[in-house]
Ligand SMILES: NC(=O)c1ccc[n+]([C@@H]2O[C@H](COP(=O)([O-])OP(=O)(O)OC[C@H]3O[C@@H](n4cnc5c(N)ncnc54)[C@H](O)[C@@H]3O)[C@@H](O)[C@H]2O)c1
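This document opens with one chain alone, in C-alpha cells, the form predicted on its own.
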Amino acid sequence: MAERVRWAIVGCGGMGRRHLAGLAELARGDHNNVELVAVCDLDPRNAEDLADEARGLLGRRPAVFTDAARMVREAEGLEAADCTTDTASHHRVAAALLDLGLHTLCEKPLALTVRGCDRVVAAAERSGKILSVAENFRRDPMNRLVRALLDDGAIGDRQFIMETGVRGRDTLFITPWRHQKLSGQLTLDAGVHGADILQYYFGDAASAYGQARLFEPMRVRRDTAGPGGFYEKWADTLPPTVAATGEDAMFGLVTFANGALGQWTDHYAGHGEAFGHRMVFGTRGSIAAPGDRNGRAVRLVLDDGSEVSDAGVLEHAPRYRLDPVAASLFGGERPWTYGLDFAATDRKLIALEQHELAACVRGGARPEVDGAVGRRDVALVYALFESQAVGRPVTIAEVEAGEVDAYQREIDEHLGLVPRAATA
C-alpha cells in the first residue's frame, strides 16, 4: 500500500466529529490510506476536544491549531484536509486550504452561493490541488443500486422522477445558522442532497421552475443532538427560539438535459405525518428508492406485472458492483439491503469520501464529486429561487454564469463576493 496521506480536519464542530468518525471507520479496515496529523478550529476548546476524541478513536493525538496557515507550516508533510466548517465560510476556508497547498475535501454544499463555489473552484485550478465535495448520499449502496438499475435499462428509458420530503415542523434543525438566509438555510444546506441525487440518477439538469417559502419564521429548540448525536455537546449553548430568515420549503419542476422531467419538493416545515418519497419512472416500469442511509430494499415494478423487492432485484442490474472499499464496509460487492444504524452508515459513507480523495492524491485520478459537480448541485437548488424571482423557468447555465442572481445577490453582498448596491 502507498504511504498514507497526511490529513487535517479543519472545523471541529459536529461535522468535524462526523468526519473523525469516518477516519476511525477507515482505520479499522484493510484499506486505510489516511493518517490524521492535525486538527484546526478558531475555537481552541473545540480543537482540543476533537484531538482528545481522536486519540481515543485512532490511538494518536493530532496536533492542535487555531490558524490554518500556521498548521501548514508546522504540521510536517501535511497533504490534505477536510473542510468541515459552517457553510457560510466554505468559500473562504476551502479556498484558503487549496491556496495553502492542501488537497481538500469540502463538506457540502460547496459554498453558500454559486459565486462562492466559483471562488473555491478557482482556488483549486490556481493551486493545482484536488477539490472533492463531500456528497455522501450518492455513495449509499442503495443509491448505487438504483443508478445501476437505470443504467442497465431495468425500467427502460428514464422519463420522470419524484423527489419529495416533508418534515420538520417548527423545530430548530441542529444549529441556528441553518435557518438564516445569509448563513446557510435548510433548503440549501440539506436540500443540496436532493439536487445531487436528481442529477446522479438522471444526469445534468437543464432548467428549473419553482417557488420557495418561509413557513416557520420562529424555530423552537427541541432535540438538538443532530444526526448521530454528534452535536449534543453544544445543545445547552443554543437559544430556546430562533427567528428564521431563510426559506424552509421549496417546490419545483426540473427538466433534464436528456429530456426527462423531475418533480421536486423539499419541505422542512411540514406538520403532522413526516413523508419521504423517491420514485423513478421509465418506459417499462418504476423504481421505488428507499431514501438514504437506511439500508431498506429497492422496489422494482415492471409492466409485465412483476414486482421485485428482494435479492431478485440484482438480476435486473447485472453491472452493479461496489468498489472494493465500499464492499468491505457494507458486507459485499452486491448488497441489496443492509442493516446498519444511522451513525454506522454515516461514518462509512464519509470514510468512502475520505478514502477516495486520498486515492486521488496518490494516483492522480479525479474525484467523483468534483468542484464542477458540487457547483452544479448548488446551481440547481438556486434555480428554484431565481425562477421565482424572475417569474419564469431559468436554465442551470444562466444560474451558473451569474446571469440570473436576484435571490443570491443579497447573500453575495453580505459575503463580500460582489460590491454592495448603492443606496439612495
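Since the structure is predicted, the reported quantities are computational estimates derived from the model, not experimental observations. Start at 1 and count along the sequence shown; that's the residue number.
What comes next is about the form predicted together with the named molecule, which does not appear here.
Screening 345, 199, 175, 265 for any heavy atom within 4.5 Å of the named molecule in the predicted bound form leaves a single hit, 175. In terms of contact with the named molecule in the predicted bound form, the residue from 193, 158, 115, 316 that brings a heavy atom within 4.5 Å is 193.
The closest non-hydrogen atom of residue 34 lies beyond 4.5 Å of the named molecule in the predicted bound form. At a distance threshold of 4.5 angstroms between non-hydrogen atoms, residue 208 is out of contact with the named molecule in the predicted bound form. The shortest heavy atom separation between residue 85 and the named molecule in the predicted bound form is within 4.5 Å. The named molecule in the predicted bound form is approached by residue 42, whose closest heavy atom lies within 4.5 angstroms of it. Within 4.5 Å of the named molecule in the predicted bound form, a heavy atom is found for all three of 15, 90 and 109. With the partner left out here, the named molecule still marks one of 277-285, 177-185, 304-312, 326-334 in the predicted bound form; by a 4.5 Å heavy atom cut-off that stretch is 177-185. Although the named molecule is not shown here, in the predicted bound form the stretch 216-244 places heavy atoms of just one residue, 231, within 4.5 Å of it.
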